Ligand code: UTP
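Form predicted alone, single chain, as structure tokens, below.
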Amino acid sequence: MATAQQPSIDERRSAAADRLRAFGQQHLLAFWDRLTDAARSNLLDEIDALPLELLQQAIAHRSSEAKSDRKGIVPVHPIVMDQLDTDPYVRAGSAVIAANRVAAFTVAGGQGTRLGSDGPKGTFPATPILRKSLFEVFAESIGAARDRWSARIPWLIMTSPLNHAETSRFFAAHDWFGLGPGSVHLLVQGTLPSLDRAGRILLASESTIALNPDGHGGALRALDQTGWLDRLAHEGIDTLSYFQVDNPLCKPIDPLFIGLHHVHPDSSAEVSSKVVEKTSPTEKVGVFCQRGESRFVMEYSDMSREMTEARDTSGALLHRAGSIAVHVFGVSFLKRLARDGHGLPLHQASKKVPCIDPQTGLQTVPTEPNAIKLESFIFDTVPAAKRALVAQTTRVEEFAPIKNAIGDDSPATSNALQSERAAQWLERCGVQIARDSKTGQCLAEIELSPRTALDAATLAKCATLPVSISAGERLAL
């Protein structure tokens, strides 16, 4: 059978020039005559991948408009998970998991630069005693869930162009943490170009565009363009459990949350989200808000000082439903958004981006922000849902992120919370834990593997629990 003839490089250039001209970006071909054939092919590949229609929309709708429109916004009042009769929801969620309807999805495109590490953030040693990596913690949890419900639970991990190869090598070197390479799937998130203040795409060199990862909202495009949304649906998987790589207390497969997503009357089974109460007005987390019937997440940087500091009659923060970037999505919902132009708006941030002058080709290394970086956010799926369920959990149970080298959300604070959760679970099982008589702080370091217990109830079934744990003791179970 004859194969279709591939267009020549000149034909590709002509088509690219017409497309770029329509969007005012023809300067990307300014240095064409200087380039080798290989460099020309690379540039055309990058141009062909540009979502110019989305870029045009982003340029037309500046994010400042969203920041100024705060009328009619009220707080979201989430379902408080520990105040529920949880048994019906746990049973419903367990049935969904056991029926092989759930996949796990981790966003892991970042590097550990802020933590003093050069590798992918998921390789960072995260646990208090054994120093297991974030990836290993999640692998143990997913593996334990597979065993508990005799379920397949494929694990999808979104990397970035920057760390994909190293992440692949890390998993291979650790034998895929016992999960098997056929059930762990790495997919690379897309990129978006940086723009100058006039909305023109920047060139990093004469033959390359200044590109950056497209944000955690790029998960939607990556799932669609790699065919995973169709594949999941074909395999009967209708539920995607989403979490980000920096939170070792996250529950990748939570039967209670999955049950709420599927059967709670406030849910449309399209998107459900977990929150914790903000610790202070200045905590850097997005907050769930509502305008009319629509729920959405407002970035902390977009909130006015009046909003962040407002309190209710009890003295609690009014806008306190802090997002922890844990969601459950209906696969059919994501497919609908993906088919609708990929569904998520692009946000803009001022950044310093090295680039070349399109007139002279001279390199510029800015000392001040000179460009607009674009990215999409996964929480922008929330307003598109018919009904978006928001469920409140506790920080010690599910939120101990590792974002900074020191201070808040650091390895030290995360390790303390991991140890505290383990202590509380053990105390529910009758184990005596040494605590400070004044502060109540746990005086031991305790590390509890998900392979040992996924929750306090399963921990109680362990036959080898200690009777007590003393001050200064370091114990890994």
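Start at 1 with the first residue shown and count on from there. All values derive from a computational prediction rather than experimental measurement. In this text, rigid core is short for the largest set of C-alphas that superpose within 1.5 Å between two forms.
Absent from the display: the form predicted in complex with the ligand. The rest refers to it.
- Residue contact check for Gly215: one or more of its heavy atoms lie within 4.5 Å of the ligand in the model of the complex.
- At a distance threshold of 4.5 angstroms between non-hydrogen atoms, Ser205 is out of contact with the ligand in the model of the complex.
- Shown alone here, His327 lies farther than 4.5 Å from the ligand in the model of the complex, counting heavy atoms only.
- Taking the partner from elsewhere, Thr113 is found to have a heavy atom lying within 4.5 Å of the ligand in the model of the complex.
- This chain appears without its partner; in the model of the complex, the one residue of Val297, Met158, Ile253, Val271 with a heavy atom within 4.5 Å of the ligand is Met158.
- Taking a 4.5 Å heavy atom cutoff to the ligand in the model of the complex, the contact residue among Arg146, Lys335, Lys403, Arg101 is Lys403.
- Partner proximity in the model of the complex, defined as non-hydrogen atoms within 4.5 angstroms of the ligand, places exactly one of 104-112, 147-155, 85-93, 169-177 at the interface: 104-112.
- Every member of the trio Lys121, Gln189 and Gln244 reaches the ligand in the model of the complex with some non-hydrogen atom inside 4.5 Å.
- Core-aligned CA deviation for Ser350 between the shown form and the other one: 2 Å or greater.
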